[in-house]
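Before any questions on how it binds or moves, here is one chain, the form predicted on its own, in structure tokens.
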Amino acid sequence: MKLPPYFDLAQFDEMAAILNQYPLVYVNTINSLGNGLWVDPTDDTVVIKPKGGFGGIGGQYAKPIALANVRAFSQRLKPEIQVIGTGGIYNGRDVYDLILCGASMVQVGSALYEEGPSIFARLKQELAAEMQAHGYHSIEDFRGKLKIMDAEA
């Protein structure tokens, strides 16, 4: 099931309570940020073609929201429901961040469109370098292990 972006903790709680009632294998979060509009500064036209310029915003703009959605759902869903992280993946660090927030898998959209299938070899190499830099040997060594700052500090 591919989920839209959620923005409020109550939304995460309510949707997770519904999803946990079903025998799901995975959820994919997030779909694009809806009804955005982007103006091309070189000719003052809309960049997004359908619907008079209104359309889904993805890519790097979506990454912070994608990270929050992955983290929120990975904390709230039953352990057997895996989370696919989608939004803002352009390099190995982006993949690493989504996994760190709890994603079991990632989906690449905008960068795949821009770079083509060769992106996967590059992302794999960059993710491996990121893992090595942090001393991790497997994805399970860091999946879902985002460090939280102590509010008292």
Ligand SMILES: Cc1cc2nc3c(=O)[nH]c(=O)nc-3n(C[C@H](O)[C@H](O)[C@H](O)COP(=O)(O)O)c2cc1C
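Counting begins at 1, following the sequence as shown. What you see is a predicted model; the values in this text were computed from it and never measured.
Although not depicted, the form predicted together with the named molecule is the subject of the following passage.
The closest non-hydrogen atom of Gly36 lies beyond 4.5 Å of the named molecule in the predicted bound form. Contact between Ser104 and the named molecule in the predicted bound form is not found at the 4.5 Å heavy atom cutoff. Residue contact with the named molecule in the predicted bound form: Gly58 places a heavy atom within 4.5 Å of it. Using a 4.5 angstroms limit between non-hydrogen atoms, Ile99 is distant from the named molecule in the predicted bound form.
Of the residues given (Leu67, Ile84, Leu127, Val108), Val108 alone sits with a heavy atom within 4.5 Å of the named molecule in the predicted bound form.
Scanning 16-52 for heavy atoms within 4.5 Å of the named molecule in the predicted bound form gives Ile30, Asn31, Ser32 in sequence order.
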